[in-house]
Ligand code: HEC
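Take a look at this one chain, the form predicted on its own, written out in structure tokens.
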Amino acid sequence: MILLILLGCAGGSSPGGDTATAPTTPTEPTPEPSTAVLRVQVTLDDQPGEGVLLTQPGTTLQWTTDSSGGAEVEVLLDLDGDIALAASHPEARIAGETISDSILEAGELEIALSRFLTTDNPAYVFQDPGTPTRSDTTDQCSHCHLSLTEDWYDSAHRSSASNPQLQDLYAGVAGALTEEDACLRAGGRWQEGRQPGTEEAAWRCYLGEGVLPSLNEGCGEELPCDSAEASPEQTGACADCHAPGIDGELGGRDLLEATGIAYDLGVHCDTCHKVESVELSASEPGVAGRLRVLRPLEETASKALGPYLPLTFGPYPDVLNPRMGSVQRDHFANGTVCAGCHQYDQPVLVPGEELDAARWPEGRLPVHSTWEELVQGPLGTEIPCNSCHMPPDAEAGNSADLGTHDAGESVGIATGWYRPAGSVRRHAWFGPRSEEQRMLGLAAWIDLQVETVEDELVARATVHNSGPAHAIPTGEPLRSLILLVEARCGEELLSPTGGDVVPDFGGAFDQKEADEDWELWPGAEPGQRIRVARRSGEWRDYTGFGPFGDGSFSAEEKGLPVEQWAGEAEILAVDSAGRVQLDRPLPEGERAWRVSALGLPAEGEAARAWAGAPGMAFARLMVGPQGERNVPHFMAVDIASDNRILPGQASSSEHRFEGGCEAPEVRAMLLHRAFPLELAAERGWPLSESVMAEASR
């Protein structure tokens, strides 16, 4: 009825049926924008500047100079703020001028560009980026770029050097054990080393593997490797990506040298925006190879600009503020800069160990392969990293906070011009640890199908990589995904009767092979379970990354045996020798694990041991020199398996439960784990269950 009334009004029918024409009000024609034509001449080191990009800041207008360095441009005059023209060349700082009335009258403009020196300056001191609470002067990036600073400050980039797990693995310590008694009970050594981020001595608990003690023979036997007296030579290249802002020579620096800003603020503004180019063919990551950092060498007499003429690389061709000394680079917009650290193929670092040349003919292991996963994936680089990890900032007028909110005529060279909506990206680098974006929840979904077959519930769970353009999980190989499947009749758990189970890297308090004593479990506690799996002798022929999916490896060489549920028993009591009393006899099988109880976890609860539970797990599993599994990558001499789910692909598993229930419910849950349960327990790291996806039938 409302629609008919509206149509009647719009049609304008008269009572007599004649069609009446509604009177119209004359409207003023839309005025044409006011423009001016200028002949622009650009020089580069006093020679005609051919191929220079000309832009009018505050617009999307662009022109390119001809072989004589000239171009005819038509600039808009109806614009918020100053009318200006900027000239951008890859070998020179952006330069330009505000277009005055005299320039408009003359119809001509000259812009002189000068090439910057291409020798890196080790004497340069990286600029203080400031923080959300320190933004008092232009010596700090946060003075103008406060919104970007706020995002960056909460990101993993800011804490890349001070990350406690990184520091523990670097020095071989358990930072959570701050008392000598607790350290000794855990099997550690209480010694005087160095407080991370400072030059100060500190008593620390040395426990487990670490970059310094594991890669430097004899280091740590008498004195800790991080003590003032020690001089470790092998540093694992950690600082090249985690602390790129250590002043002085770049590359090969000891992470212990990261103090002050280099430690507290990690990967900050002045480190990223000093990256002049990215050498994708370089074998080493970070500032030691793939990232070519260029710190300014030209001196300046202006105290306001500092001792050197500013030099900053960024995505825009129209930044005229002399405090920036800006040069446009595509690698910030197309995500290539991320490849500088998020792609790392590593040789064997452990002294005296070598790779199996038949498995790894190029002599390197793919440790971090996020960039190559993107390049080889179905989206390629058409959807760059920043599309997801640096989403557009809907409230930003430009990348600075000055001049973006009702600034009117003050918009100009100092404050910047308004940019098209969505062109300024948040510097938050949202990832699996992000609470705001919950990217884990967008990365995967579970297709769960259930049927009854001969009084058994048969569930087929398929995990789809539905969001990222890279594998899940990606990056740090200590990460894993764990799929859990359970069946219930009301509140009662239905017992599994067979099907696929979570492999060992799903976490266990202890594990034993078939030829070991399954009644002896030192450290066991009542309420824990002994879970048993059978091996069929077959191997999973999944499609993984590199040789795990390109046909180089056979199913057996891909390293995942088919393991099926055999049964479990609850520990009722434990004697002083560690011999357990169980609530039922254990079934036969090839492997047994001491684990937690079944039952899906709640978001955020303490991580449990899931090895042998109905489900599956996905990870890049690094192997140490003695066959140790799930080791940190600096210990790796091989990769046992890599069944991480590639972009656009899926992985299925089958699980069986007892039937007989009129209204059973089957649930599946996918968890993300930042590091192995065993490693977290050894070092005292907090580890909780992080739910990525759920499904129920």
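All of these numbers come straight from a predicted model, not from anything done at the bench. Don't overthink the numbering: it's just position in the shown sequence, from 1.
Just so it is clear, the following notes concern the form predicted in complex with heme C, a form of the same protein that is not shown.
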Answer key: of Gln343, Gln528, Gln564, Asn216, within 4.5 Å of heme C in the predicted complex (heavy atoms) is Gln343
Residue within 4.5 Å of heme C in the predicted complex by heavy atom, from Trp593, Tyr263, Phe548, Tyr316, is Tyr316
**Study point:** Gln449, Val580 and Gly612 each touching heme C in the predicted complex (heavy atom, 4.5 Å)
**Key:** no
The stretch from 61-69, 46-54, 654-662, 632-640 that lies within 4.5 Å of heme C in the predicted complex, judged by heavy atoms, is 632-640
Touches heme C in the predicted complex: Met439 (any heavy atom, 4.5 Å) = yes
Given that the partner is absent here, does Leu291 sit within 4.5 Å of heme C in the predicted complex, heavy atoms only? yes
At 4.5 Å between heavy atoms, is Thr198 in contact with heme C in the predicted complex?
no
ask   = Would Pro244 sit within 4.5 Å of heme C in the predicted complex, counting heavy atoms only?
value = yes
Near heme C in the predicted complex, with a heavy atom at 4.5 Å or closer, the residues from 153-179 are Ala156, His157, Ser159, Ser160, Asn163, Gln165, Leu166, Leu169
